[in-house]
Ligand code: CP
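This document starts with one chain, in the form predicted on its own, laid out as structure tokens.
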């Protein structure tokens, strides 16, 4: 694909070479994300950050990424705070707000909604999550994290052994990550969930058609041995008809330091797209893992800024200008990384 002016809506629009190109650009963003340098390459550009579902990391990291490239951010949060609550269509909203913006990031509770919005937009639109469908930038930052974590152990993504744990039916992050992993070779995936919350059949079938080994199970301990990555997800309460229905599954698959030490290999990396549900009834990743050096969840969030900076630089066609419009930072930036 050509990145300039393109929408980023689905993992399926990428080939492996394009993924690697995104990651190489993300590597070049490190001095800016780490506050070693500052760039004004997007000075005067405006990001429309439109989040019609709750979000912390995705919304703030997209805004941060745009700011770090020198751009400005305008936000709309919650359907009740927008004209959509008055009956305005996605088409009309897109036509209006794309006139105010140079790029738009959108999250919406309905599958396919971001693509519908993008069809009417006059500027590039990036999918920040559309219902239970996809979360492409989360998958990109997850794979970027996996690649960096494996590299420290002289491993590559080809040959990866990974378990995905939790709500695999409604978890859009794992749907997108599975699609992304299909582009690589010789992957072993262990999909651990309650039977009612299994990975959609079409996702499993696509993985197997791509030649990967897929194990589906509702048992945790026996299936987290001999792996490179354990990727935990929360129960997607907002996708259920009631909190009580979600409670039926909450807390089924808990990982703590005792279980990790007993069953996982010493270098198995622990990942989670966040937020992790730390309430007593859930506690999918126990706080006693916080000092485990293989807990990569906060390295994931840091990497999200790099990947999102890379996407902005690519779709707005400024990759080769970032350094030209940079300067040393003028504030204390120690202790961050």
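Numbering follows the first chain given and starts at 1. All values reported here derive from a predicted model rather than from experimental measurement.
Below, we refer to the form predicted in complex with this ligand, which is not included among the displayed structures.
Contact between residue 283 and this ligand in the predicted bound form is not found at the 4.5 Å heavy atom cutoff.
In the predicted bound form, at least one heavy atom of residue 55 sits within 4.5 Å of a heavy atom of this ligand. Although the partner is absent here, residue 38 is not a contact residue: none of its heavy atoms lies within 4.5 angstroms of this ligand in the predicted bound form. Residue contact with this ligand in the predicted bound form: residue 175 places no heavy atom within 4.5 Å of it. Residue in contact with this ligand in the predicted bound form (any heavy atom within 4.5 Å), chosen from 138, 121, 193, 145: 138. Residue 274 is the only one of 289, 46, 64, 274 with a heavy atom lying within 4.5 Å of this ligand in the predicted bound form. Partner contacts here mean any heavy atom within 4.5 Å of this ligand in the predicted bound form, and among 98-106, 156-164, 194-202, 130-138 they occur only in 130-138.
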